[in-house]
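Just the one chain here, the form predicted alone, laid out as structure tokens.
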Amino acid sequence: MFNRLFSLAVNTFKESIRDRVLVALVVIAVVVMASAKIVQPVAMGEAEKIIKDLGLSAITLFCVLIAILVGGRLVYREVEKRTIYLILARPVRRLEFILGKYLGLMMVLVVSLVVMTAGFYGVMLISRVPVSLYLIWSVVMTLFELAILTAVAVLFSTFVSPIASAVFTFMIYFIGHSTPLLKQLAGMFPSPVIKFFALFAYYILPNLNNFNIKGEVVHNIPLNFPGLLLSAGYAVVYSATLLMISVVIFNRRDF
């Protein structure tokens, strides 16, 4: 099983790494981070914070786009090209197929994160901004956030088109960063129906705010490491749950 998983993951990695969308997003991310050099002269003493904030935000944004745009096509592309029949005709279970696709995209995201982070540190060196390994914690939490988003993208990819998958995944990303508002909404409206659906969405949808620590990192605020560990565990459990749901849906499809 592990050999088949590894082969599927590596094959997915090779296919995705050649995707022009992926290459373009990584290049644009580095260019955006480098643009901080332009605003440095007019930053009024806040250049260091601006460069750090812009760099970490660019890494998160463009990796999220990679997860959404590439992940939304993972399964659908195999179905559209009918290569799914050749894959499943071999001794490959559908569980292995889904997990292999997921792990392959996660490998792509790890490589993208490493490249973007290296570019980010390069920009800081050029801009003469003190380089701190403390910033790595924000990148690590971004990776756990991407683990959830990739699982969401794979889930939608099993039963909708790439465009619909991208739209739905982006909606989950947006709502996931607004979950506190759902709880406030439940308290504001007296209607039990609205209260029920708001609380239902609050507890069911992923709370992606748990992984946003850019503010603390940029301003050198001490991190709550036990809280970060809980968030990491939350990401693992949530992603695993979504992948199991993906396998159930994929098993019901007629190939």
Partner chain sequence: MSFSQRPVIEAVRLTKVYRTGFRMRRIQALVDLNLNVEKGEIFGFLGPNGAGKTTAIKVFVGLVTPDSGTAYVLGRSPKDHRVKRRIGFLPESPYFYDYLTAEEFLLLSAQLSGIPRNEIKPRVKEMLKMVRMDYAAHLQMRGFSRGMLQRIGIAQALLYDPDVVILDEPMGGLDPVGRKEFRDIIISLKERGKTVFFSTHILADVEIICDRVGIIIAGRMVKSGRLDEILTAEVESIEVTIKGATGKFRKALERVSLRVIESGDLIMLTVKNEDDVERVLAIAREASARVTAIVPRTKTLEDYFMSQLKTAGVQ
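Residue numbers count along the first chain shown, from 1. Note that this is a predicted model, so its numbers are computed, not measured.
Just so it is clear, the following notes concern the form predicted in complex with the partner chain, a form of the same protein that is not shown.
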Quick check on this chain: which one of L103, L185, V139, V92 has a heavy atom within 4.5 Å of the partner chain in the predicted complex?
V92
Please run the contact check for E145 against the partner chain in the predicted complex: heavy atoms, 4.5 angstroms, yes or no?
no
Could you tell me if L86 has a non-hydrogen atom within 4.5 Å of the partner chain in the predicted complex?
yes
Any chance R128 has a heavy atom within 4.5 Å of the partner chain in the predicted complex?
no
Does the partner chain come within 4.5 Å of any heavy atom of T241 in the predicted complex?
no
Looking in the predicted complex, is the partner chain within 4.5 Å of a heavy atom from each of R18, E78 and K81?
yes
Given that the partner is absent here, state which listed stretch (241-249, 5-13, 21-29, 228-236) has heavy atoms within 4.5 Å of the partner chain in the predicted complex.
5-13
